[in-house]
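In the structure tokens that follow, a single protein chain appears in two forms: structure 1, then structure 2.
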Structure 1
Amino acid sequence: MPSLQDRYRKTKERLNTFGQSHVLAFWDSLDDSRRENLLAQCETLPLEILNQEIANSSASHAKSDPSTDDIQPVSVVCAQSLDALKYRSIGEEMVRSGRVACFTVAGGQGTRLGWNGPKGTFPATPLLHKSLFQVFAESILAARRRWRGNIPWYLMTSPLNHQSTQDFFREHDWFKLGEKSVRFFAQGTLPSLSLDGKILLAAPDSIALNPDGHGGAIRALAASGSLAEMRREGVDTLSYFQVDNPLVKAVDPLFLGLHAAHPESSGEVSSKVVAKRDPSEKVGVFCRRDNRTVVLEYSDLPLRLAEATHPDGALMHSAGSIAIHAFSRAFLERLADDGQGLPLHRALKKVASIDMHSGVLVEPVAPNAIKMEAFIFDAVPMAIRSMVYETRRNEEFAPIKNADGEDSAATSQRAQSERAARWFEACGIEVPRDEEGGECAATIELSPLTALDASELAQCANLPRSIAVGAKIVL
């Protein structure tokens, strides 16, 4: 095993090559334990990738400028035009045969929600206040029971919440899924950079690191051995969703069947979208550019295009991303094997860092650093063909992103109750609604273990014939 001094020399040589040797400026003042900590961080730095990003930053920004005329509306597959029974049957067989795993990006904290803990532990449901993790777990367990397939669940945490997330699942007995079928791995990190491209230090023995974004999932899936594990177990398709949306269908056989067999799909990556509420809604937008399907951040879509409409008044660029995808394992393996990962996006942030002259930690009053992260939707244009499927917002998308206002716990809980109310009405059950907005005048919480859709709810025994105004119903 190389000595500490040998590792130091090798690391210093590598840092010198990329103009980052200042990272070792405080080496002489550190004890061996702190030296070990610093070397361990340095040895995993993706310096080649960082150097390329720094060198090509201006060119990258020029290339990514979406203000040109080559942005076109994307072709969207709609449920009304489908042989739904055919594709649903294909998806159900995929689940039964053990080919499907769920994959959740769960690295975030609940800070914006005023919640002290991993975001997945946030109480999300309207009456029982079940956590987001529990909602997803019940959805997966219900899918296992309905389609009799083994469905492993992979969760990508962050270094900040990895242990606390595992502890939460352990405390709740893995939500009856079984410990062996719930697999955790932490996403990677990237160093924060000064505005002139130098790696920042959070302490004399510690680099200022930040998670590398949900796009880091591809690299992390490979590095953790998860892709190899899926291959051994016969999993060839991942149902991907993020941790903030309690209306998500963790396992959707119709979508999986479309991903596997629809003519517009290459079977590599497929995506769900909803129609944007208005031109200013802050969601990514699926478009066609350079003969590829791409996702543009809402801030990158020029206003003239965001507001453009068809003759019937509908938005021309209305395919709003809801961060729900199906990926083939082989596609992710190919992207991981190419060694570069997904492109990095830059953002100016305030990052506390060590002053290299005094060694004192400085809290900035203005943005002083570049943080870089990868976005999972940048995998979309790398596919041979990518299918985009439009689903209904009120059935599948009610994220919890903010403490109040739009996309808050309150709006999500109303959406959860409203969906349950529509399912009850589809079963012939009378639901009270107010006269002004037609909203349900009761609160209903429906577990995925009771029903995954209205047709399954109709098969339940002992459903009420009607619901009273102000009632609180839990099923």
Structure 2
Amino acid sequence: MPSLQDRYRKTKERLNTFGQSHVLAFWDSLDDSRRENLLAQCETLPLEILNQEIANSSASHAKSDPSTDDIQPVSVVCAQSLDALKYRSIGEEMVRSGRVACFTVAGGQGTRLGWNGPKGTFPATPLLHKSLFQVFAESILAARRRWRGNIPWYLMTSPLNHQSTQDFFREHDWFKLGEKSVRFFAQGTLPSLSLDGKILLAAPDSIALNPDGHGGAIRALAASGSLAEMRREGVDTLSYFQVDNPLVKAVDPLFLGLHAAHPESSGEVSSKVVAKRDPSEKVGVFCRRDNRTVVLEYSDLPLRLAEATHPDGALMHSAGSIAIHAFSRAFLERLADDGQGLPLHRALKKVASIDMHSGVLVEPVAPNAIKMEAFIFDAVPMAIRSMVYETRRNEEFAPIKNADGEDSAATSQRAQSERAARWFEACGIEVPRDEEGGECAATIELSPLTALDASELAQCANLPRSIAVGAKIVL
């Protein structure tokens, strides 16, 4: 076992090589346990990768923007044009035979929402204020009952919220899913950098770390042994979704069946999209580039292309990403074995950090740091072929990203209630509306345990005959 001093010398040398020796600036003022803490962090720093990223970033400043001439529209599979019954029954059989696991990425910091705790603990539903985690749990429990499958649930946390996420599930008795079938693992982290590429400190004995993005999932799924566990248990397909969308169908047999058997799918990764609201909507867009399907961040799609239309006036690049995918386990294993990891993207953020002269923690007023993150959708072009399936926004996508305004709890709760209202109407129940086809004039909260879709709702025994203006209905 090398001594603290030996480890210190080795670490200092390594940091020196990469121009990051300031990380040890407060060494002399630390006691042994804090020294130990700092060394442990330094020893796992991927300095070679960071160095490469810093070099790339200065090179890309010097370069002009890459050409966008080769960006083409993606072909999209639509519900209207397919034999839904066939694919749904393929998907149901996959679930029944234990081949499907749910996978939620829940390691983000949720800074825009500003909620004190893991984002999945945020009260999301309109009347009972159930947490996002509870909504997904009920959805999975309902799917287990309906299609009689095991459906384990994997959740990726980060070292910053791992314990509090697990505690929340324990406090809620794993929402009746069974402790053993809810499986947590933490993603990796990367240091936040100053604008000139220096690692920032969060305290004299600790580096300012941020989770390495939802794209860190591939490495973390492998490193945690989750992929191996799935293999042992016969799980070959992952139903992937984010922690902030309470309208998601955690298990969607139609989508799973399409992923497994549609001619446009290689069975490696498939994605759901919705039609973009307008050219300027800030969502990633699926396109074709170099004969591959790719997702471009909204900021990378030039306005000229974002606004381009077909002769019938429809947007040419309208396949908006809603971060719902199906992955084959084998595809993720291949990417993990390859060891490359997904490319890192840089974002300018505000990060509290230690002033290197005074040793005092400074809360910045303006963005002062670069955070690096990998994005899961960068896996899409690595597939042989990947299917893009268009679904309806109002049925499946109402994320809670912001404290107010667009994509907030208020807009999501309205969308949840509206979807329930449409399902009631599909069952022949009159729902009050502000005007013909206008907003629902009642609030309805429907648990996934009551119904996963309108056809299941129709079979419920205790449905009201009609709903009064201003009513609050929980079912």
Ligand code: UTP
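Whichever C-alpha set is largest while still superposing within 1.5 Å between the two forms counts as the rigid core. Quick note, the numbers are simply positions in structure 1, starting from 1. Everything numeric here is computed off the predicted structure, so don't read it as measured data.
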{"item": "Correct structure when looking for the form predicted alone", "value": "1"}
{"item": "Rigid-core frame, C-alpha of Ala415, shift of 2 angstroms or more between structures 1 and 2", "value": "no"}
{"item": "Threshold 2 Å Cα movement between structures 1 and 2 at Arg433, rigid core reference", "value": "no"}
{"item": "C-alpha of Gly108 off by 2 Å or more between structures 1 and 2 on rigid core", "value": "yes"}
{"item": "Core superposition result - C-alpha of Tyr8, shift between structures 1 and 2, Å", "value": "5.0"}
